[in-house]
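Heads up, the chain below is alone and in the form predicted alone; it's given as structure tokens.
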Amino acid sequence: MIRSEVTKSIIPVITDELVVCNIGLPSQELFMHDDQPSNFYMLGTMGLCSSIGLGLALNQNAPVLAIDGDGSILTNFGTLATIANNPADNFTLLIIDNGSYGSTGDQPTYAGKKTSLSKVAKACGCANVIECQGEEAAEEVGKALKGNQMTIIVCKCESGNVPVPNILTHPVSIRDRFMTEVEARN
């Protein structure tokens, strides 16, 4: 499986969550597969998806899923320590680890080499870390969202991209409709 297939596979289990999605192709893929007002598409700020997701989870009760990538996590390694030291049981972080910077041409990341993001998350103190393959992602995300325990899922998959449309919704509209969803859940 490639990242787009992993994203498509989790659509049936992310029905009532607030979703923050990583910059670039991951956001475009989620938009293509299932655009929802409860999805916040990162259109800038590489490396901050998991941090924004955690901040959101810490400040309200609705379940929050952050869909991040290995390249983005490597860009902001401190986020794993921050997550470990600020647990939010309504927060699930899905790291789709394809071992590449997919949005910029599939250049390899260190997660595709020697660096294990699941081991790094555990070393930072994250208590509930699961590593799975792409085919297991939907099941693991579903369990995590129902589990009422902060969970980090590192989903290993193949590198590769599919053609995706640009997100034509204006960034202010994305923000406004997402904030309406956040307020409705408080």
Partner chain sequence: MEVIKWQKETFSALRRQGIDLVCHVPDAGHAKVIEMCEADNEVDCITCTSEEEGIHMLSGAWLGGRRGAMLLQSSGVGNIINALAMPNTCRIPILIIVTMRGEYGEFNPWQVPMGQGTPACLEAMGMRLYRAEEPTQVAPAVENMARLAFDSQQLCAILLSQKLLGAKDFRELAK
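Worth saying up front: this structure is predicted, and the values here are computed from it rather than measured. Residue numbers count along the first chain shown, from 1.
Below, we refer to the form predicted in complex with its partner chain, which is not included among the displayed structures.
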Q: Just give me the single entry in Thr79, Ser103, Asn90, Thr109 that has a non-hydrogen atom within 4.5 angstroms of its partner chain in the predicted complex.
A: Thr79
(Q) Give me the residue from Pro37, Gly160, Gly142, Gly55 that has a heavy atom within 4.5 Å of its partner chain in the predicted complex. (A) Gly55
Q. Counting only non-hydrogen atoms, which stretch in 151-159, 113-121, 128-136, 39-47 is within 4.5 Å of its partner chain in the predicted complex?
A. 39-47
Q. Three residues, Asn59, Pro171 and Arg175; all within 4.5 Å of its partner chain in the predicted complex via heavy atoms?
A. yes
Q. Hey, in the predicted complex, does Ala184 get a heavy atom within 4.5 angstroms of its partner chain?
A. no
